[in-house]
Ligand SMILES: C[S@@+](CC[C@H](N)C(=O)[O-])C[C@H]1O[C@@H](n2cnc3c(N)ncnc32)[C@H](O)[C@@H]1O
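First, one chain by itself: the form predicted on its own, in structure tokens.
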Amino acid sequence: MDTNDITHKLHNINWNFDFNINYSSDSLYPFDCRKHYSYPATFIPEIPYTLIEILSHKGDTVLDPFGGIGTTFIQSLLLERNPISCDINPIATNVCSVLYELFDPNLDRETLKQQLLAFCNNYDETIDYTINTTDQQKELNDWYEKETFNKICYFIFQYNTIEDIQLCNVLKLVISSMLPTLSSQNKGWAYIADNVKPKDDEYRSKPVFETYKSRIKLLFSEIEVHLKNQTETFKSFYNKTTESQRIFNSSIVDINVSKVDLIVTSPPYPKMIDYVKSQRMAFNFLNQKYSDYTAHEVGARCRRSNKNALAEYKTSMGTINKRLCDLLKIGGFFCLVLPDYAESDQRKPIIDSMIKSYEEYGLTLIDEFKRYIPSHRRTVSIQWASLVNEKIIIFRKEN
């Protein structure tokens, strides 16, 4: 790739994406995973989509070592790049996996959608569906108004008993996505992460079946639109991607993957987000313990009072970054979305040091772009409210 041409293209992008985009109904455009699952601090799909389109070719391999719910993964898939995603959070990798399955051109999505919608027909309000749930699933009770919880347990009962794997996988995604929305605790992920239950006067009935139907219909309609606009080669490309594992519920330092052409990621910011604990409801629903994963989470907010938190973050990210630089092919690009902290912020030296370390690993800085975080994202929690700007940094491995 010609560096001057790349630089020209990169500088013609409004990286804030602070404008309305009217995508053509017959063209490719980014798929927004966030519409189908609420996950903290996910970057907008336009960022990885644009970077992948400019910095790679069809058939290249694109890696996101902090893949989350699959934003980079799905953009890579749509652009016919071979996607690889890693994340230590099984809730996040499950979302990515289900979306990947639903983009299968061979899948009969209409039949699957109708089967999922049909679950709404058999609810009996005289039945106590909570008795059919596990002890860990019953722990969800304190987050919901009584009848709302009974309806949720109806869907959990369906999930616990159906044998069709595809139905089970999509139902898992939709139930997990509904749990925070239907909760009477509506103050954001941080309250869920900190296990702050609703107060007695805060419990409200929520439209469970309406929410379920709307999520099913939106999910399937958006996937159909994206597949309709795909090239004729997408089906054979997709089939080839399924020949090897592409989604890993593990750290990148613990898995064996081949060299990659492009890395696009937004690593965890120090002492900022509890990605694992924010999913405590989904962990209860799936009968898993979030405590099995919190110790492996880099930069977790829950360790912010630990005096060694920043030093531990620097060490963990150093190990990961060394691995990533080793995995990148000669001529490949490494793109990161990182916080642009104020000079007075104690975390700024850590981020600055991490950026400088990439040159020690053999990477060359190509460009850097500042972008501001839209106010609606910053008001989700007090930490986001204090972070106004991010930067997109692009490195290249020259030798």
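Quick caveat, the model's predicted, so the values are computed rather than measured. Numbers for residues come from their place in the sequence shown, where the first is 1.
A second form of this protein, the form predicted in complex with this ligand, is not displayed here; the remarks below concern that form.
Segments offered: 87-95, 132-140, 202-210, 103-111. Contacting this ligand in the model of the complex at heavy atom distances within 4.5 Å is 87-95.
This chain lacks the partner; the member of 153, 219, 328, 320 within 4.5 angstroms of this ligand in the model of the complex by a non-hydrogen atom is 320. Here is the short version: of 304, 296, 235, 187, the single residue with a heavy atom within 4.5 Å of this ligand in the model of the complex is 296. Under a 4.5 angstroms non-hydrogen atom cutoff, this ligand in the model of the complex lacks residue 351 among its neighbouring residues. Residue 41 belongs to the set of residues with a heavy atom inside 4.5 Å of this ligand in the model of the complex. The closest heavy atom approach of residue 198 to this ligand in the model of the complex falls outside 4.5 Å.
Using a 4.5 Å cutoff between non-hydrogen atoms, residue 251 counts as a contact of this ligand in the model of the complex. Along 251-267, these residues reach a heavy atom to within 4.5 Å of this ligand in the model of the complex: 251, 266, 267.
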